[in-house]
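Given as structure tokens, the chain that follows is alone and in the form predicted on its own.
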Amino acid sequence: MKNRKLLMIPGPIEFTPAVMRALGMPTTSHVAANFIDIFGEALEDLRKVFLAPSGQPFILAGSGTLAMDMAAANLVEPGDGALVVNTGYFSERFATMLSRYGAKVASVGTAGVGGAPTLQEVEAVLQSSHPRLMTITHVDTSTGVATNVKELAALGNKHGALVIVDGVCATGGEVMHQDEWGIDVALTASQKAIGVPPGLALLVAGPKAMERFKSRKTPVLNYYADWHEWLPIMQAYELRKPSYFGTPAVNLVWALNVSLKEILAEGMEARFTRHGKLSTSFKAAVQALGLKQVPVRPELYATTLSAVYYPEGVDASMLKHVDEAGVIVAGGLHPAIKTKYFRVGHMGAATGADILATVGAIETGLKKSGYKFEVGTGIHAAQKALNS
């Protein structure tokens, strides 16, 4: 009898058995020959997953917030203009970070939760403020809003802004071609679509970002995140040489090496397609059940998660019933609507069977909460989408 619940939150997610076995290996020295080799492989494979053959990868012990902080610390100098494309809580967090390092931050967003600025609105601010860098949240975990990264990056390049993409809830699941799209920095964390337990900050910096970093005139104000310290370490590991600045998360790097190889074995385009199918299936169930999503337009729906409003008469107590039915989903995060919605992650190792189990548990939660609907409606819609 299975003695655990299905974890369907937007990170941490379910991980493959091979990844978990790697995590449980006896810990080796961070300068052991076999560890140096797998760290070097992980750096090389990170470029392939980000589709950034010209990029410089960084793998650090830390969270996605550290990856964001690293980008801000190394690429901002006091007085620099920065533009934040605001789609939710994590966009606002990036704005705060940039300000801490002395940037003059402008933000472009929409009134209310669940929207995203138009390309025309973003370009208008780029033209008027001429920022040195622009941040884009690919998927804001608080709202389930996905941005048009390809077109936004093109605008940033057109107007001379360094383009930084927060892909914490996107990379490895949402379509992204870092080099082809002109993204100067892409960053993520291990515990979402990359498919590794929490604890690694992952970042790939392109040539323009590295050039900007090397030409800075002031010291990096964050000691732990300083690329001056980490760049020689990453370069040494890739050359299969021992080096040290801070102790890496040895077992997590072993697990990352396994997960990256699983991702590449699936193939990036096939992986993007699979994530799209899972997302379409879950959202078909949401629509069939008469529920509304937080993003205000379908073109803003994220692939890696769904943010769903409770129906009238139902509140967050529904999640207890979903949990009792064997599935864990997440409550709201955005402060403005925190008690009004819930979130479901469908990324990484998630399968069609996981989607059906999750929809079934949500139907149970809705039924026990007094919501009136025909039982099985969501499951049928999800199944139909999976089979289409």
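Note that the structure is a prediction, hence the values are computed from the model and not measured. So that there is no doubt, residue numbering starts at 1 and follows the sequence shown.
Unshown form predicted together with a small molecule; subsequent notes refer to it.
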query: Heavy atom contact within 4.5 Å of the small molecule in the predicted complex, the stretch among 264 to 272, 161 to 169, 230 to 238, 216 to 224; finding: 161 to 169
query: Triplet 90, 93 and 141 all within 4.5 Å of the small molecule in the predicted complex via a heavy atom; finding: yes
query: In the predicted complex, the residue from 189, 134, 183, 256 that sits within 4.5 Å of the small molecule by heavy atoms; finding: 189
query: In the predicted complex, residue 362 touching the small molecule (heavy atom, 4.5 Å); finding: no
query: Distance check, residue 348 to the small molecule in the predicted complex, heavy atom within 4.5 Å; finding: no
query: Partner proximity in the predicted complex: residue 55 to the small molecule, non-hydrogen atom cutoff 4.5 Å; finding: no
